[in-house]
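Listed next as structure tokens is one chain, alone, in the form predicted on its own.
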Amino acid sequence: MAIVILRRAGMAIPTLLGVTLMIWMLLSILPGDPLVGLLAPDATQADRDRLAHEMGLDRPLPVRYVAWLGETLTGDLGFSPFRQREVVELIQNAWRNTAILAGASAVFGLTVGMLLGTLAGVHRGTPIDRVVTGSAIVGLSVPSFWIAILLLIVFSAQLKWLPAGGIGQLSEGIVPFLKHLIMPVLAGSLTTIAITARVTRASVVETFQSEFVDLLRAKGLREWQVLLHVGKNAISPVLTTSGLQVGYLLGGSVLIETIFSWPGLGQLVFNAIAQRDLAVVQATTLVIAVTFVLLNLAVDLLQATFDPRIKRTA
């Protein structure tokens, strides 16, 4: 197992370095002047040159990248001149809120998706299978932001059961906190449910066709005992897609967080783009990418725990 951990960690390091280089280059070659929003309308060229020197924008790109990477590795993500706060402080608060939303959406989406996919795989070719498969296709086809708007219209504007936006505080009680969480979780987990259900169904159907299933039944095992063995062998592809889905929930919740006014990374980077606050955009994108890579590393290690073939290969 130690060999698997070292090998996966070794593969993650160049990936993270490539991510930092790509983020830096993409934001450095963007059109427009990053000093426009920081200078007064009557600023002179001398004022512009002085500010560019203070921000290090007059240095070559490779030098600026190495300096930025060194500061990032020490935990210094810069300062936001628009918000007059350290970027680390902004990201810490936003990441915590996004982790709450993404974690709740992942638990709900993966649980429901695996249950539906298993149900469809066990009852292959029956009306249950067709209903689950059709619902999964619909879930993949309908945009999540449209579902979010629909939920707002029905449950907030018309029925007035749930708050329209914001994040609840646990100090106010668990019920108000969950009321703020219900609609974002439902809207954000729809795609996760659909993808997980399809992958789980396909994996369960394929595993049921294996020869060891006939052997288990010939030994006299009950159907639920056979299902336990099938589930253990079918979990590997489900884990792979689960890691990707959790990563997408962390990084792809910009629309959901904006619609529901959820103060997370998505809303933070959306506002930073509108203000052209490149320090916040750069740091937030990097945090999302690093989290995505680490999640996939954790999924690889989890797969090695469930699938002994991976350990033997290593």
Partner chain sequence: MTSAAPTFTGTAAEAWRERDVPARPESYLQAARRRFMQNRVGLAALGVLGMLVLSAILAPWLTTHDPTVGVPAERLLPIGSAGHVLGTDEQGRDMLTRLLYGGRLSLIAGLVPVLIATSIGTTLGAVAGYLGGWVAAVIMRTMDMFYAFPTVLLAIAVSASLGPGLKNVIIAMTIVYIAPIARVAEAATRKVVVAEFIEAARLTGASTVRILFTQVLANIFSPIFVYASGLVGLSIVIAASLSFLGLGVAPPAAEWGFMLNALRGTIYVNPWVAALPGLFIFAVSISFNMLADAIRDALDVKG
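On a predicted model such as this, the values are computed, not experimentally measured, just so you know. Positions refer to the first chain, counted from 1.
There is another form of this protein, the form predicted in complex with the partner chain, and it is not shown here; the text below is about that form.
Using a 4.5 angstroms limit between non-hydrogen atoms, residue 83 is distant from the partner chain in the model of the complex. Though the partner is left out of this view, residue 152 does reach within 4.5 Å of the partner chain in the model of the complex, counting heavy atoms only. Residue contact check for residue 247: one or more of its heavy atoms lie within 4.5 Å of the partner chain in the model of the complex. For the chain shown alone, residue 65 is not a contact residue for the partner chain in the model of the complex, no non-hydrogen atom being within 4.5 angstroms. The single contact residue among 43, 61, 69, 26, judged by any heavy atom lying within 4.5 Å of the partner chain in the model of the complex, is 26.
None of 115, 157, 178, 88 but one reaches within 4.5 angstroms of the partner chain in the model of the complex through a heavy atom, and that residue is 157. Contact check for 15, 254 and 293: all three have a heavy atom within 4.5 Å of the partner chain in the model of the complex.
Figure note: of the listed segments 92-100, 71-79, 106-114, 198-206, the one touching the partner chain in the model of the complex, with heavy atoms no more than 4.5 Å away, is 198-206.
The partner is not shown here, but in the model of the complex the stretch 134-151 reaches within 4.5 angstroms of the partner chain through a heavy atom at 137, 138, 140, 141, 142, 143, 145, 146, 149, 150.
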